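A single chain comes next, written as structure tokens; it is the form predicted alone.
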Amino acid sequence: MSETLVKPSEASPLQRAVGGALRSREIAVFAVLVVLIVVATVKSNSFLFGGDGWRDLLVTPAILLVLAAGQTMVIVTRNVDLSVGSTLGLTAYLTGRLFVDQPSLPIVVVFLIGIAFGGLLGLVNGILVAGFRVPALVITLGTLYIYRGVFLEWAGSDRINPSDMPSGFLSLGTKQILTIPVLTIIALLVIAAVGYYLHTARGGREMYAIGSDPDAATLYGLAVTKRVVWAFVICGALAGLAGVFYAARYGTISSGAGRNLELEAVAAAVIGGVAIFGGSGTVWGAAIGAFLLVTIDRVLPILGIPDFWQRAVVGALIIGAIVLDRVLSARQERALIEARDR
């Protein structure tokens, strides 16, 4: 006869919901984001209410939102993908070349080609990581430089200009529906789809199980290799979509496109509560982390903070998020041990 280690909560569903929300990492990060926006608006009214203030607040994080969603899927499996910035750059340049070389190509087809190309690069990462049991940090650091090298060789000193792309495609970078930029709407739909998959689909739940304890997941018979490969494929595909976003948003594409964005994608996920050691975290948190990172970059100059301290603030946020994650994990382990020993 088994014994119940932890007694069921006597709180009402409403009390549990409120308590859970107050303890939520996502709510805490969102509160910091709101405070930043309020402080920046008080300091400079144009930050939110200027001609393009509202639009810039929403559209600027769109690219990082998509990258953070893909990065979340990889991190929950206890891996990381450092090549997404290079994948984004390659896909953005591919998008421009397609419009230059095949001007009659429909915009939807260009989107699909960009996503498929990114997914192919992600598949290479997934096979090398899961198939050969090599640490993701090493593999994706290598492919970061390989993809970037291919990009530099392909693009050289060439540059894609807005005049090379159709106006209908470029308008996606500025077009709005009910004051919400189209790119932001697409990014939020991606976040919703990834979040739904991770929290309801069997494959998504297995990714969390793999990240929590890969050896136990293998012993239990989960398809660890398949799930990890798929995580990298989806991450690469979303980096490809972000590359198409980049082309539409900025119009000008040079060999520097996407540089260092891989670090921002990892930082957004970690700050948003995705455990760097895998097994926990939400894509919603990663999305809020992406909004926070991009907003910090815009707010700190308004507050007169020098560029060095802007980077230092981001670094402190990352360290603080990881330390907080370890503290909460240790507290949870102690609570479970105490409940077991009663």
Partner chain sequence: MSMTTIDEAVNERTYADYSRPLLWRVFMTREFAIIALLVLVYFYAYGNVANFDGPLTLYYLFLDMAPIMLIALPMTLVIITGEIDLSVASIMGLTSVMLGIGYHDFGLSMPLAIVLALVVGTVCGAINGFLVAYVGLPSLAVTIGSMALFRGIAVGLLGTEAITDFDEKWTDLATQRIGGDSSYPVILIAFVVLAIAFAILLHFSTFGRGVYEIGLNDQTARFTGVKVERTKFCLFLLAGVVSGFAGIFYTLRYGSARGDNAEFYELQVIAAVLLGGVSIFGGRGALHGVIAGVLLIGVVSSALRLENVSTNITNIVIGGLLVLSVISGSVLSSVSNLRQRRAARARAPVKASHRSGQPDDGEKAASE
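Positions refer to the first chain, counted from 1. So that the term is clear: the rigid core is the largest set of C-alpha atoms that superpose within 1.5 Å between two forms. What you see is a predicted model, and the numbers here were worked out from it, not measured in a lab.
Same protein, other form: the form predicted in complex with the partner chain, not shown, and the subject of what follows.
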Next item on the list: Name the residue from P106, G203, G168, P135 that puts a heavy atom within 4.5 Å of the partner chain in the predicted bound form.
Entry: P135
Next item on the list: Identify which of T252, T218, N260, T174 has a heavy atom within 4.5 Å of the partner chain in the predicted bound form; exactly one of them does.
Entry: N260
Notebook entry, point to check: Does the partner chain get within 4.5 angstroms of any non-hydrogen atom of R326 in the predicted bound form?
Noted result: yes
Note to self: I'd like to know whether D213 contacts the partner chain in the predicted bound form, with contact meaning heavy atoms within 4.5 angstroms.
What the structure shows: no
Note to self: in the predicted bound form, is there a heavy atom of the partner chain that lies within 4.5 Å of any heavy atom of V229, even though the partner is absent here?
What the structure shows: no
Check: Looking in the predicted bound form, any heavy atom of D158 within 4.5 Å of the partner chain?
Finding: no
Next item on the list: Spot the stretch among 59-67, 307-315, 281-289, 26-34 with residues whose non-hydrogen atoms come within 4.5 Å of the partner chain in the predicted bound form.
Entry: 307-315
Notebook entry, point to check: Across 149-172, which residues bring a heavy atom to within 4.5 Å of the partner chain in the predicted bound form?
Noted result: G149, V150, L152, E153
Check: Does P306 show a Cα shift reaching 2 Å between the shown form and the other one after rigid-core superposition?
Finding: yes
Check: Closer or farther: how do the CA atoms of A330 and L219 lie in the predicted bound form, compared with the form shown, if the change is at least 3 Å?
Finding: farther
